[in-house]
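One chain comes next, on its own, written as structure tokens: the form predicted on its own.
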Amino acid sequence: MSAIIVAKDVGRWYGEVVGLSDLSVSIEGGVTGLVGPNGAGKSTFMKLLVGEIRPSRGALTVLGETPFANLRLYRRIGFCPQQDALYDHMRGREFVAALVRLYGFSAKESNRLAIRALERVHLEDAMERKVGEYSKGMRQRTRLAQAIAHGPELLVVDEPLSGLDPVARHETLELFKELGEAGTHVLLSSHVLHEVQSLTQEIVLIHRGRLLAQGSVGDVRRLLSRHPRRVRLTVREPRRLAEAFLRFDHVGAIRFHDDDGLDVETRDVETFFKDLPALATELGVGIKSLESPDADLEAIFDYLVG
């Protein structure tokens, strides 16, 4: 699959404030998670992608075109911004239909598309109410509805799960999966990493305006080889097992927790898990539970930033 987004040495600054700094990244189609802490540059990058602002330096193409001031490309992209900028005096259907008309659809077709989009985000019972009466979660879903109504090739969504209750979060994630399976490219920004991981294995991590890592969760996890990994065990005889671990060159710190728990740091987690069953059987220490807290995306991100 060819790249749909290509950024080369892209920088964007606001006076003395740097939003992006020398970002080079190539993103292929499908569903991709854009992750990073608040202030990492995610929103700036997305505004560049949809043509709201232009780069201060570097080159950027989206779907093979330069995005800034490109009306033809605008019609191919759907953008759900993080900012809550809605027209409170308008009804939900009217608001979405008005924005759809900007893509060149007739009033009748825009109304039909708006109704369909609001149904897909489960606002069919509220579409005739004024937007000013909507809750935060309903307003978020309205922004999403206007982004998908015209059937874009690329959907760019900035923190779309913010303000949603658990049911709405699940429904929204299912909608993204449905769109991706139907062929829509989705770039999803979030700092809630486990939610991104539940949607896609393809991630782009940025920090302080630069690319930190890119690839599948597994690819990024392999970057941890330079860092100690933590394994937590609950065993019947923790001190006896700890003494045996100290014979391993790749084992560093060992900490006890509770009455029967161990936290072990290892520089070679694959060897650790390979040797552990035989060691536990030899000593008869009785392992009750085993987990690696550093295996999830949250821990990967913390390690890489640290």
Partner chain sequence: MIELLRATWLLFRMQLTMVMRSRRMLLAILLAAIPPVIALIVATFAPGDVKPGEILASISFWLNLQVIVPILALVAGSAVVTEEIENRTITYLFTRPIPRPALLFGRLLATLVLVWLLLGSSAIAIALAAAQRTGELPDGLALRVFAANIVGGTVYTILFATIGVFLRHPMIVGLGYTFAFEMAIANVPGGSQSLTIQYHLRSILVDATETCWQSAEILNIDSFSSPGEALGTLAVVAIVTLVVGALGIARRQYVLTA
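Numbering follows the first chain given and starts at 1. No experiment lies behind these values; they were computed from the predicted model shown.
Beyond the structure shown, there is the form predicted in complex with its partner chain, which is absent from this document and is the topic of what follows.
Checking Arg112, Arg129, His122, Arg75 against its partner chain in the predicted complex, a heavy atom within 4.5 Å turns up for just one residue: Arg75. For the candidate set Glu243, Glu28, Glu52, Glu65, a heavy atom within 4.5 Å of its partner chain in the predicted complex is found for exactly one residue, namely Glu52. Heavy atoms of Ala85 reach within 4.5 Å of its partner chain in the predicted complex, making it an interface residue. Contact annotation for His185: none of its heavy atoms lies within 4.5 Å of its partner chain in the predicted complex. Using a 4.5 angstroms limit between non-hydrogen atoms, Pro81 touches its partner chain in the predicted complex.
By the criterion of a heavy atom within 4.5 Å, Gln146 is counted among the residues contacting its partner chain in the predicted complex. The candidate stretches are 260-268, 243-251, 42-50, 57-65, and the one lying within 4.5 Å of its partner chain in the predicted complex by heavy atoms is 42-50. Along 185-200, a non-hydrogen atom within 4.5 Å of its partner chain in the predicted complex is carried by no residue at all.
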